[in-house]
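Shown here is one chain on its own, the form predicted alone, set out as structure tokens.
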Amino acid sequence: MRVLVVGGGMGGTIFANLLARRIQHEMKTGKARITMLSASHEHVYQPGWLYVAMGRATPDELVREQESLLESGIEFHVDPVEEFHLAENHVKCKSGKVHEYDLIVISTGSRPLPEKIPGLKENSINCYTADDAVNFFKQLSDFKGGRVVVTVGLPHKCPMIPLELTFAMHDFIKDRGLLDKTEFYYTYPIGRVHSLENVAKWAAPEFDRMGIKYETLFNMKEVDGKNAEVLSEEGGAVKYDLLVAVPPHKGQEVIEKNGLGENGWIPTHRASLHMEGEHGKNVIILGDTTNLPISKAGSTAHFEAETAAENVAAVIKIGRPVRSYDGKVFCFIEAGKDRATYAMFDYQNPPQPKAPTGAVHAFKMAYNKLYWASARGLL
């Protein structure tokens, strides 16, 4: 079986590594082959940008050579796919090369689009790239006091980042002795402070305790940079001195251009992770690329990849898949510089965040170092 993995992020990398270890014999005897196509030679630990934004990490700590993370035997090419021909079981890359497959795994991720909201890109800071995270740190370090406004677009990846940024900035400003000169104002598009109800029920009292003000049902319409105001679809206006954005996201442009899914999200079966529709039998979707109604988080991609790798190995060995994805997600929630909690949930069980502790924060900091083993599929 020829397995083609498109995308070298967490989902694609973990899937390829787990599958390669499960089918070592088949790969050695030529009965199976794994090829990965990526748009970059680098693999980035994206949750780490939060720590760069707070001056607690540097960008180079969060990057590895993609090929160094892959099991031997996996064929790797930096050659982004431009055309998906699912009916004919092949793709065409930027180089012009055509790759045929028996099974394709699409895990191309998502992209922030601050430009989707007029004025947002020019007048706000975010931490979704290395440059943006460094700029975030510089602007936060130069901040002398005033109103810090957090504005959130949906959907976005890393579901806890609006809360984490707010808590982290609070402690950053507190350590600089500027808390009495600073007002934090958090806005959110729906009728609570987070999309997950139990996370919202936990977070709102934390905001109250820390003196963080919040406004819900606030959907960004535009940013008026001249008057330093964020305007909402509901007719509201919020003044700011420093505007911190969680921009709305879309899937990758190549998914939209090939007509595989609206806004770059591919319709995906919630249990099998196969693409829905005519050609779905030979197509698996992982991570942010799915249209599943669950958080777009690294752990989502991780747990999906485990399910998919076990099933593909089973199909190769015994002719049929053996398990279903249950919607499992696990998200750390940094509640400041030295406390954290977590949200663990699936299709049937909502999250139940506990009081933040230093122990959970220490676990998260350890995981930041262990991530590279996780990408290898060893954790």
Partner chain sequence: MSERIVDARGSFCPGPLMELISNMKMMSVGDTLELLSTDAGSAADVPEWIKKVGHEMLDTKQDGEGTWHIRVRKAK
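Numbering follows the first chain given and starts at 1. What you see is a predicted model, and the numbers here were worked out from it, not measured in a lab.
There is also a form predicted in complex with its partner chain; it is not shown, and the following applies to it.
- Although the partner is absent from this view, residue 188 contacts its partner chain in the model of the complex, with a non-hydrogen atom inside 4.5 angstroms.
- Within this chain, residue 289 is remote from the site of its partner chain in the model of the complex, having no heavy atom within 4.5 Å.
- Remark: residue 170 does not count among the residues lining its partner chain in the model of the complex, judged by a heavy atom distance of 4.5 Å or less.
- Its partner chain is not shown here, and in the model of the complex it never comes within 4.5 Å of any heavy atom of residue 108.
- Although the partner is absent from the chain shown here, 194, 219 and 263 each have a heavy atom within 4.5 Å of its partner chain in the model of the complex.
- Checking 51, 45, 345, 332 for any heavy atom within 4.5 Å of its partner chain in the model of the complex turns up a single hit: 345.
- A heavy atom within 4.5 Å of its partner chain in the model of the complex is found for one listed residue only; from 130, 78, 154, 204, this is 154.
- This chain is displayed without its partner chain, yet in the model of the complex the stretch 294-302 from 206-214, 136-144, 67-75, 294-302 comes within 4.5 Å of it by heavy atoms.
- Taking a 4.5 Å heavy atom cutoff to its partner chain in the model of the complex, the contacting residues in 221-250 are 233, 234.
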